[in-house]
Ligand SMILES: C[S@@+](CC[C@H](N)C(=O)[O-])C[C@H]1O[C@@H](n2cnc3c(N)ncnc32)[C@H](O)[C@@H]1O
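Okay, so here's just one chain, in structure tokens, the form predicted on its own.
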Amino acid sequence: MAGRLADRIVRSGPIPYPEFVEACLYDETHGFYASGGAAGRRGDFLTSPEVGPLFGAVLARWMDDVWEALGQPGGFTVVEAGAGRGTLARAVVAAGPRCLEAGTYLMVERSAVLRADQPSGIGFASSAHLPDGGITGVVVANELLDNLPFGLLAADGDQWRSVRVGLEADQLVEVLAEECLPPVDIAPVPGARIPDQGSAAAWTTGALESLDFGALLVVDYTSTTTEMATRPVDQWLRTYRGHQQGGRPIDDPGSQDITVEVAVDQLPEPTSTTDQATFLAAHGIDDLVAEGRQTWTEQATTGDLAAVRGRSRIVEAEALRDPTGLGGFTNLEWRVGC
């Protein structure tokens, strides 16, 4: 990947930052996700679905809440964007939400490598693209927006300049390019950097337009553009591989995940905003944990799988609600027609 990017720079000049991120993550040959990068215990980072099935069970309850608010329509569709190998899909369907008794769970994943491992059969569908419209149901994006290509701006004097990736002594380097307007009204304090998350804003708008009736749920770690401008860039622009924080984004491109905190002030205004711990509590995680604890108490001596699963809910809930970890994620919800 580094060699291909260098050749491109020699031919056409420094690469816009969104195009650099796009290539590093999604190039069909050498991109991070094409070459084996993924979420999961055997992957490079953990998300809520990989902790265990409890997260999916709570989301199934939320989906039923939306379905009931819509009057329990037939043909209800759950669209999961950035579905990966289908870990969340399996957990949601296993929880048996009523909304999917005559509905469909559509897993949207652009990586063909990851789509190949997704579940199939009755009730499951898979696609590389979000539907254009006509959805009655929900769209879920768990840790997707932080992985969409983004621009990078740097304050230079009294102007913002876009950051590009260039070449110096055969090494990839960041270079300041043309003057540009920031995505929100913010003064260029010397030394500050901010992300331009036009792709995340466009994706959110497109997802909302695909919904005739229902809800969009985005789960991610978030901030604001103004707040990020006051922090060192490596605190909100990070890389991961093998469950460890990686190097700079320009180091060894294609070998590490590149992720950025989501600037909520660059997105359409949501209907509601909560932290993940609050969202999970509102949709029945305590009931599910109590049910699991009772199963463990009643069946622990037999050592059967149901007892072990019941016990695991307690541990999973602690991880999902940890305010310093997954519990600190933000849940953004938009409602359409309900």
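Heads up: residue numbers just count along the shown sequence, starting at 1. No experiment lies behind these values; they were computed from the predicted model shown.
Keep in mind that the form predicted in complex with the ligand is missing from the display, and what follows is about it.
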query: is_contact(N142, the ligand) in the predicted complex, heavy atom dist at most 4.5 Å; finding: yes
query: Contact label in the predicted complex: E80 to the ligand, heavy atom within 4.5 Å; finding: yes
query: V108: touches the ligand in the predicted complex, heavy atom cutoff 4.5 angstroms; finding: yes
query: Close approach of G214 to the ligand in the predicted complex, 4.5 Å, heavy atom; finding: no
query: Answer option from P195, P249, G84, G137, heavy atom within 4.5 Å of the ligand in the predicted complex; finding: G84
query: Residue among V262, C99, L148, V165 with a heavy atom within 4.5 Å of the ligand in the predicted complex; finding: L148
query: Heavy atom contact within 4.5 Å of the ligand in the predicted complex, the stretch among 110-118, 155-163, 206-214, 175-183; finding: 110-118
